[in-house]
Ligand SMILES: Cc1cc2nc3c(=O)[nH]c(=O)nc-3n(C[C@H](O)[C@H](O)[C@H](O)COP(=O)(O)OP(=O)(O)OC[C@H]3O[C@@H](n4cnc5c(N)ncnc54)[C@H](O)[C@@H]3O)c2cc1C
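Take a look at this single chain in structure tokens; it is the form predicted alone.
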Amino acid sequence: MPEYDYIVVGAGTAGCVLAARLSQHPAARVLLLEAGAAARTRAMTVPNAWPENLDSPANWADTTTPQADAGPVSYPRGRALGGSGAINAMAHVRGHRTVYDDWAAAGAAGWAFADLLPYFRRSETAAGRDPQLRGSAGPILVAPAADRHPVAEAFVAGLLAAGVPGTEDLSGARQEGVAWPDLAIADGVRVSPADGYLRPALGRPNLTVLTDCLVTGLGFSNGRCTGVSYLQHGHPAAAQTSGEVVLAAGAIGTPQLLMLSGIGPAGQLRQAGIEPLADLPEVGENLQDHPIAITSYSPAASLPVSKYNHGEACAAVRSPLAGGYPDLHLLPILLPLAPAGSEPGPAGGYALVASAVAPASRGAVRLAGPDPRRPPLIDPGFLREPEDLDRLAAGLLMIREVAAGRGFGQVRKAEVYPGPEVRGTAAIRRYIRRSVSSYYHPAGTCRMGADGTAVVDCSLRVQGVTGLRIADASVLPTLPNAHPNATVLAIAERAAELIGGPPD
């Protein structure tokens, strides 16, 4: 059986960073295992083609358990080199600095904003941004949209006219207001974690990357993780380590693999026919995501196609329930999008979306059985806490006011969803409950902390065993109020340093 110093499970955003950084040390033998294929398809490279990824083998194509009154919700996540960073909408936005400071205040020592800032900067090249806060030599090249879509421009102008402040950079000094956020796009091409980190490292003799490998279990000896078992093209295989296994399979895949391997809530594991190795009740719990509510519009005239990510603009604003930072995102989706369960959106139309980005609701990931090929049960708990419904209702009110303004006259013909007949607080709340969906930002299912119930400690080591760490979105104590990919890059950069030392 081949032996490695480090085995990284999952070649998503975190896994690409880890494999590239750990293999910078020539003596370190690194194995990276990915369930998806190695292909870099057109939909993974052409920015405005990204929605095609959702109907491709690069998507695990999960669905949730029934949510609110909406039934099961589509729940895509990446299955390819680059993971979700290879199929997502390419937004590169940090959470508000208070989010990270709150992690440290709650016990995650060493993970405050000031601690993470060097790793945020190390991961990116953000030309023209504040060099004290933004990176200038990192692998992920980012920039805002330049040739802007008329709906995105009308949206920004409408929010500014409504009194929402503008900000130059949602990842900079002022992390509140309406902005043209950075996108992981350079020279008209997506810059995925695989493009920025992994592919430049593939020629290293000490790095082995295997695709089409579904990891099915972790091996242990005397409480130490000694390797992994996996199916490569359906055939059983295994690898062992003299050092560490690092899980980077994401907020869904990582807790699933832990539980399949006997690490998790002992009672649930026994019910699934799995003998517990370490009773960690919080594995799979604390699932957080950003719920969204959609308004759809027919156009007043023919509109161009976005040259970027069909989004381009974003506003971080506060609802009346906001705490120390903005709790809503407002954004356009420049596609004829309709709420789930509705008739298709108007041809040539677009959507304006509100998302509760500081959700109070929590859900869980649980096993559907002991077969690793069977999808887990995913329950993000959308609208479980009533304040999230209140947040989304406040966001839809803001969006509808902007869309009804004079500035939208040249791009708006009519509101199709929820439609002019849906008026008043009660009707809007019913509409949100039956149409709620996801921003596709799961996190938190293997919470980091210093307390005894956290799944990993502040060095990302899994409690109750040795030789095993986690370095992906599952360790986030609370979900940042932004797209999580930039945060996961920084988490993985710091994890690589904790595990293997600083990069050469």
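Note that residue numbering begins at 1 and tracks the sequence as displayed. Everything numeric here is computed off the predicted structure, so don't read it as measured data.
The next section is about a form of this same protein that is not shown, the form predicted in complex with the named molecule.
Although the partner is absent here, residue 54 lies within 4.5 Å of the named molecule in the predicted complex, judged by heavy atoms. Looking at residue 172, you'd find every heavy atom of it more than 4.5 angstroms from the named molecule in the predicted complex. By the criterion of a heavy atom within 4.5 Å, residue 76 is counted among the residues contacting the named molecule in the predicted complex. Residue contact with the named molecule in the predicted complex: residue 441 places a heavy atom within 4.5 Å of it. Stretch 76-84 is the answer when you ask which of 134-142, 200-208, 116-124, 76-84 has residues with heavy atoms within 4.5 Å of the named molecule in the predicted complex. The partner is absent here, but in the predicted complex a heavy atom of 249, alone among 283, 151, 249, 313, sits within 4.5 Å of the named molecule. Of the residues given (411, 214, 266, 389), 214 alone sits with a heavy atom within 4.5 Å of the named molecule in the predicted complex.
Residues from 467-488 that approach the named molecule in the predicted complex with a non-hydrogen atom closer than or equal to 4.5 Å are 472, 473, 483, 484, 485, 486, 488, in the order they occur in the chain.
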